[in-house]
Structure formats: C-alpha cells, structure tokens
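Encoded as structure tokens, the following chain is the form predicted on its own, with no partner shown.
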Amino acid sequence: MNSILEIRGLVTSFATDGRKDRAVAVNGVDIDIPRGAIVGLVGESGCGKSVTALSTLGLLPENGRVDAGSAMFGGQDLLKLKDHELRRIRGNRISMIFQEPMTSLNPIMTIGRQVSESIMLHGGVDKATARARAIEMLEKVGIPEAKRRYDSYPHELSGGLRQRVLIGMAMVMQPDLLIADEPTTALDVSIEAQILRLMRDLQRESGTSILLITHNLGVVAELCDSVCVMYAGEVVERADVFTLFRGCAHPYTRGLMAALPRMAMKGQRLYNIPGSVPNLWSMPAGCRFSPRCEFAKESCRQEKPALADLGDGHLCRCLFPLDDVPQHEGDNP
C-alpha cells in the first residue's frame, strides 16, 4: 500500500498532579493513510483520537509525551524531528483543522491576514502575492464577497463561514495530508453537509490525503474510503468503509452503528452503549471493551485480544468477532 503516513506502535502518556504513574491515552496504535484517500478515525470522546493526531504533529501539551512508536511521512519519522523541523512541515505539507473555529482563529487578526501569513511563511512570497492567493482561496471555499471579507474579523462571520476559513487556511498550500479534527461538530446539519461537500471537492481537486477524526459514523459513510475505530486508546477495528458498514465485526463498532438515528426509528428511543469509556488508570485486565460488551465471555475479561486479520484487510481486536450474532434493530444503515 502506498501510504502518505504510516503510524506504528504509537504510545502516548500524560503526567497528572498527585500521581507518580503516567496515564497512557494512546496504546500501540497503528494507522495507515493511503495517498489520495480519506481515512476516518472514529470513537467516543476520550478514546484517544485527537491525542493520536496531536502526537504525530508534535502538538501535545507540556504534560504529554510520546513514549514509543513511529510516524513515517515522506521518508522521515515525524516523532524524531526537532521542533524547527516540524514547523517546516506543519501548515505546509501537513495541515490540521481543529474542531472549534473561534478558538482556532486569532480574534484580533483579520481572516485574510491569517490566511496570508501561512502563504508568506511557507511560500516565500511578498505580501501582495499572498493577499491575492488568500482571496482566491477564500473564494474557492465559498466565502461570499471574498475581497471584502478578507478584512473581516472572526467574530463578524457565522460558524459555517469561520469553518470555511479554517479549511482555506489548511488547504492554501495544497498539503500532502490534511488532519480534520471534528470539523463539523459545532455546525447544524445543513451547514455540515456543505462543509463535507467542500472538503471532498477540495480533496479530489488537489489529491490531498485526509485523516478525518469524528464520532459520527454518518459523516464517515458520506466521506471516507476506509475507517479506523478506536476505543480506550487502541484501534479495535479497521476496514474499508463498505466492508465496515456491510458487516462490522467488533461489538463496539456494532454499538456505534446501532446508535445512529434513522427515519424508520421515528418515535423510538435511540440505542446507547451501556457504561462509559474506562478511566485511564483502571483499564480492564482483558479486553478493554468487555465491561460494556453484551457478548463478553469470561475469557474476554482475562485475555487481551490482538488486532487480527479477518481477511481482505479487515482487522478486528476481538476474541469472538461478530458474524451471525443477532443485530440491534436497524443496525445496518
């Protein structure tokens, strides 16, 4: 497989006040992102999705640390690069879109200046050229009256327009890889659909690979080529999007599927996976999902499952992968 990014055995931990031991938030994660593909990284909040991305780009907070693993990009291990070497890659060959535009955009700088700064920093062009390219990109991402909006401040734009600005900033240098962390979480469904179409169109036009971090399997079905499902810091299932939606094998993925709202379920209570993601300091002895799994056996509570190949690149971390197990009502979208 010709991958733009190969993450292998990533382990990330955090120090916290009052404890000598560190909390392991990402535990041995492997992810491949093929060139020109869109890969979804799915799971509940607290599963380690964003930490995986931040670890790769050297953006962890001060109490965070990568303890093991590699992240090969263009023949270089990103985890071994110095800060100044990473800065040449971030915003140029790899860009990231964060979930909340108002915390990602500088409130005291115009949106045009913020887009232009990236062009001048990585493109080595003068201010006039950067301005022209920034306006062109703002037009491309659907900002109305882009020349006038160039001098607008973030608070003067709607949530949808701010998110378009972030996408423009991320794509203006035509990066090899775009990491989008919950890019539509704060948007209503109609604006969400527009943003997803915009990302897909830009990706097809530029050939940029995308890692889409989300908890929404509906978004994955709309946009992605393949999917990695994370739970409690581990990848528990990986497959192409058609295989996953046709027949997911891990009980956790099955639960996420069952929780999707559907028109046929009007008036019915939505399914929810019982329990919650385990505390980082008290992980279950065996399968990390076993305390919440309705199909768990005693061996699941004692033995740690490996990520096994079920065939055709479909990987699943489960001692008893689901096949003919009865599904929840309306399971397959």
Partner chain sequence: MKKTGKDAYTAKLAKQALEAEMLPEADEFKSMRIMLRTNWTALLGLVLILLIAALALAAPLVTRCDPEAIDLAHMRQPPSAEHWFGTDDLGRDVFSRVVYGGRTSLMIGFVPSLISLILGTTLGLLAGYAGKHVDGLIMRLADIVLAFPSLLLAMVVMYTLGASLLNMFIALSIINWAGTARVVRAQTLSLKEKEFVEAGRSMGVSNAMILLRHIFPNCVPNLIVLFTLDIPGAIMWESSMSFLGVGDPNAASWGLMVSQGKQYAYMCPWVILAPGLAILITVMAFNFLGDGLRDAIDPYMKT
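Numbering follows the first chain given and starts at 1. Keep in mind that this is a model prediction, so the values were computed, not measured.
The next section is about a form of this same protein that is not shown, the form predicted in complex with the partner chain.
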| property | result |
| --- | --- |
| Residue 238 within 4.5 Å of the partner chain in the predicted bound form, heavy atoms | no |
| 4.5 Å heavy atom contact, residue 104 to the partner chain in the predicted bound form | yes |
| is_contact(residue 162, the partner chain) in the predicted bound form, heavy atom dist at most 4.5 Å | yes |
| Partner proximity in the predicted bound form: residue 109 to the partner chain, non-hydrogen atom cutoff 4.5 Å | yes |
| Interface segment, criterion being heavy atoms within 4.5 Å of the partner chain in the predicted bound form, picked from 71-79, 253-261, 206-214, 147-155 | 147-155 |
| The single option of 218, 91, 123, 247 touching the partner chain in the predicted bound form, heavy atom within 4.5 Å | 91 |
| The partner chain: the contacting residue among 37, 59, 307, 283 in the predicted bound form [heavy atom, 4.5 Å] | 59 |
